[in-house]
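Quick setup: one chain, the form predicted alone, written in structure tokens, and binding and motion questions come after.
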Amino acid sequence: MKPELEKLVTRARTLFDDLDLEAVRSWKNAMPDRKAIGHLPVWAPRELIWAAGMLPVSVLGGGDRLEIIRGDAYFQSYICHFPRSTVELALSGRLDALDGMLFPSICDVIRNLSGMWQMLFPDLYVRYLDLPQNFDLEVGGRFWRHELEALMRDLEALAGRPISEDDLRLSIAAFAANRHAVHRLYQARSREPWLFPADEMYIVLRAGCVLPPDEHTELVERYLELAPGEAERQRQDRSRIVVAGMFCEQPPLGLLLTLERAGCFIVDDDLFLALRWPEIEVEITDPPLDGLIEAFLRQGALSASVYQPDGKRGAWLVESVERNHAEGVIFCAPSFCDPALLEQPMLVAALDESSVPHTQFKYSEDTGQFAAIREQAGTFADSIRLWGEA
């Protein structure tokens, strides 16, 4: 690997390994009175946080690098691993850099986690953020405006200053540029996946969970310039796969490596939804809050936590397969993730109707053994290449 690309990837890897949020602490310490607001990694109005002069930070759990000691005492064993590791991070002081937490309405477990956070950390700002399930401007739009205006008032009080319309316009533009860079990376990976290894692309994207938007945009754009210049990254005969079902609990990095080594090129995924939503351009309207509201309602939220009418659940997945010239889908959902696993039969039905091959397995963020997954994924990839069907 060339020195400049190696330096970039090393920086991204350092941020990935930074469970103590040292990068966030450094950002706060650079100027007095800076604050950081954590949020869970599906969706949150990051533009409002940044407009208030505060850093939005995606909280992604402890992965396979954190031993759970206290977190298990707060949740049942039959729910996903993510809330237990998030509580462990907080109780061990690793999230002390955060001045508040937002909990978007993802599932019942996260609703409970929000209430638990208020009891465990009564001096911190905590808000459960209800997302609209009706996308009519006069119904869901009115509700969403009420939620965002209430959040703005809270953030202004926490920041000690008002959020001006110019602040919000600049913030919307910064995150629009960031999403544009992220979308360009996804498109480049889809065209030539051998140039963008899954584990490398993952940590480059994940850096956006702790960096200011402009810094992450610069990192992604530089990676887009450097990665294609690696001469040893030659085109290979692998099956083009869309990975779906990775909700808020992130997979171990080794799992993504395993899929590639089993003969799969990941050409699309539903990781890091917080970095990609809304998928349409946010118009900088007058007032600018209108643009955020309309974008959320119009962007066609592709998440199991958002209601969609019957018959439309699998349309986005089939469209992704077609758009990315994929040859199959791997459902890779966290164990006990009710939204992802309840949605899966509807997605499977849509794939079957379109004759798209698919397979499925579950994981936990602290999974350490991948032999069975590699064998299953390898068999699936081989069946696609040999016979064109699974």
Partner chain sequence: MDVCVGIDLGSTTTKAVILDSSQREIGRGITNSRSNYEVASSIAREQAFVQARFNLTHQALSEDSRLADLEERFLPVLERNFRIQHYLEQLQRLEAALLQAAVAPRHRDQRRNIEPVLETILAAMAGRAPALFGALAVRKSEFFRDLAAADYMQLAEEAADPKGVTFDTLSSLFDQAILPVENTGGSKALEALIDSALDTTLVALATRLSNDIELLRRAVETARAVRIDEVASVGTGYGRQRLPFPKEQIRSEILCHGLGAHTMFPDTRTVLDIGGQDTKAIQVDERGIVTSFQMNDRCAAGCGRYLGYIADEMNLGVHELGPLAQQSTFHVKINSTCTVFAGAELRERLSLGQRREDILAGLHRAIILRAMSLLARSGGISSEFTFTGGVARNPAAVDALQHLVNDNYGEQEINISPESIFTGALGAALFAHRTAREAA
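From a predicted model like this one, the values you see are computed outputs, not experimental measurements. Positions refer to the first chain, counted from 1.
If you look for the form predicted in complex with the partner chain, you will not find it shown, but the lines that follow are about it.
Of the candidate stretches 31 to 39, 317 to 325, 65 to 73, 45 to 53, only 65 to 73 contains residues with a heavy atom within 4.5 Å of the partner chain in the predicted bound form.
In the predicted bound form, the partner chain stays beyond 4.5 Å of every heavy atom belonging to T14.
Though the partner is left out of this view, T10 does not reach within 4.5 Å of the partner chain in the predicted bound form, counting heavy atoms only.
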